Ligand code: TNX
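Presented as structure tokens, the chain that follows is alone, the form predicted on its own.
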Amino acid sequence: MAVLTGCQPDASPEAKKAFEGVIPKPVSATLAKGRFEITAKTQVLVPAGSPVVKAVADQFTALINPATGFNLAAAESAADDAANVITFSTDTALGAEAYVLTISSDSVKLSGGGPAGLFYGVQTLRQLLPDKIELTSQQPGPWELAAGTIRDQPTYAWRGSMLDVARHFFGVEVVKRYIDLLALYKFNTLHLHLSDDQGWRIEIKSWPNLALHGGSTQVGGGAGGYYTQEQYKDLVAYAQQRFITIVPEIDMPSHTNAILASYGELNGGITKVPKEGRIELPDGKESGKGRPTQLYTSTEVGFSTLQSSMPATTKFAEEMLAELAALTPGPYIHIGGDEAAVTPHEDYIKLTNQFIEIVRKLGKTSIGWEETAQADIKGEHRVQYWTRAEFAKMGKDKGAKLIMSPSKRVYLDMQYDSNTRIGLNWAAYIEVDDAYNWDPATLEAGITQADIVGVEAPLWSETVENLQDIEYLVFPRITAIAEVAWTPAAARNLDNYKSRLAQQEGRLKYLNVNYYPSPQVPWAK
């Protein structure tokens, strides 16, 4: 860092406050005297022959150019001692998602362990700039950064959110918006719940009626919808550019009524669709073995199941999962496995074993909700804990790593309190402090940080109908979960977090996020 002279102007109080207000809280942030101002003459430099570094630098300039009115562009250069420069580089001594950001009076130096680390450093730079950097029309400056050094890396490798597009369907642009908001807070995983009793949401060409019929409705009887394979691939690529891995989930063997309504040859006769919310077959008759079930538009769970005794079940699972895996460059396929209330236990184990093995043969790693720990899982399987610690421990004891999604802490479909306009409360009322004030490594006896791959916050969509509903339930709680997943537990403090969250108010408003103004947070207003 450059040596500052006595005449060097110091940063404004606003810039200093921003330096200490980043979410998730960095591992180390040391403020220094001085400031760096981005101007129309600032150079953005990347090493020669590093297209992945340049791609991240280009994302940075694309982010700041509209509001600043500048026309900055990343250029290749070997120089690292020029003045009025922002340099991007990589350092293999750092972890892949780690970064070091050094700001002085004449330069900003961002070094990442890899492209992902650089991208997370850009998200920090973004929060250090005035909130109006988020606007897409030119704004007055100055565009000031306080001097100092930030060293940062995540605690957990898996930092995710789940979006349920099955109960209510959300189109491509809504999902992209959600990806953008997750990226701001350094999430790296988006789990898409693509199938449930109420709808099937991904085109499968070998089983086309899944989308055409099974995707034709949703909770409440709306039109539903599905992603074509091209749309899904577009979402995957969009997320990859923001260092987010999409994990597709096909929930089996229960939560499968949309499958059974689409193909009667998969119906073994156990499933009986509840009268509430169903749509009758044209002949008005009850469906039975070998007949398609009625479409379903309500929210009761646990009534549907696949059965291993049906000859088509294996063919369906193999062909459908093969298509899904081919569309998904990420390493994971989620097979569901929760709330199989009417599935005979022996059949549940047999089917879950089968689904896990199919995923393994496809070259992917399987994930399942905590109940899948009962199956013959191997160490590469991931168990997603949501309510029963005994299943999480069972998975751990079988060598599986855990994704922590405790329903009382991170289920974003839960109401904030009894007055919340949408949401459920079967798990708990979850306010900002509930979402923040817990530690994955000490939540359950017998489960330590070494057993945990990460944290994921699901948003189930029984009561969620549009983007405004999504944002209302997700924000601001998602910022708390971002910090739980990123920041070392010993460095976290609830009051300090709430103060920093209050600083995010302007940014959220400029981004037009329909956040819930929790009374627990000292918002500026």
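It should be emphasised that the depicted structure is a prediction, and the values quoted were computed from it without experimental measurement. Residue indices: 1-based, along the sequence shown.
Quick note: we don't show the form predicted together with the ligand, though the next part is all about it.
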Candidate from 462, 58, 37, 469 lying within 4.5 Å of the ligand in the predicted complex - any heavy atom:
462
Among 129, 394, 270, 424, which has any heavy atom within 4.5 Å of the ligand in the predicted complex?
424
Residue 416, heavy atom within 4.5 angstroms of the ligand in the predicted complex:
no
Given that the partner is absent here, does residue 428 sit within 4.5 Å of the ligand in the predicted complex, heavy atoms only?
no
Partner contact for residue 144 in the predicted complex: the ligand, 4.5 angstroms, heavy atom:
no
Might residue 168 be said to contact the ligand in the predicted complex, defining contact as any heavy atom within 4.5 Å?
no
Testing 433-441, 136-144, 333-341, 175-183 against the ligand in the predicted complex with a 4.5 Å heavy atom criterion leaves exactly one stretch, namely 333-341
Can you name the residues of 367-389 that have a non-hydrogen atom within 4.5 angstroms of the ligand in the predicted complex?
369, 386
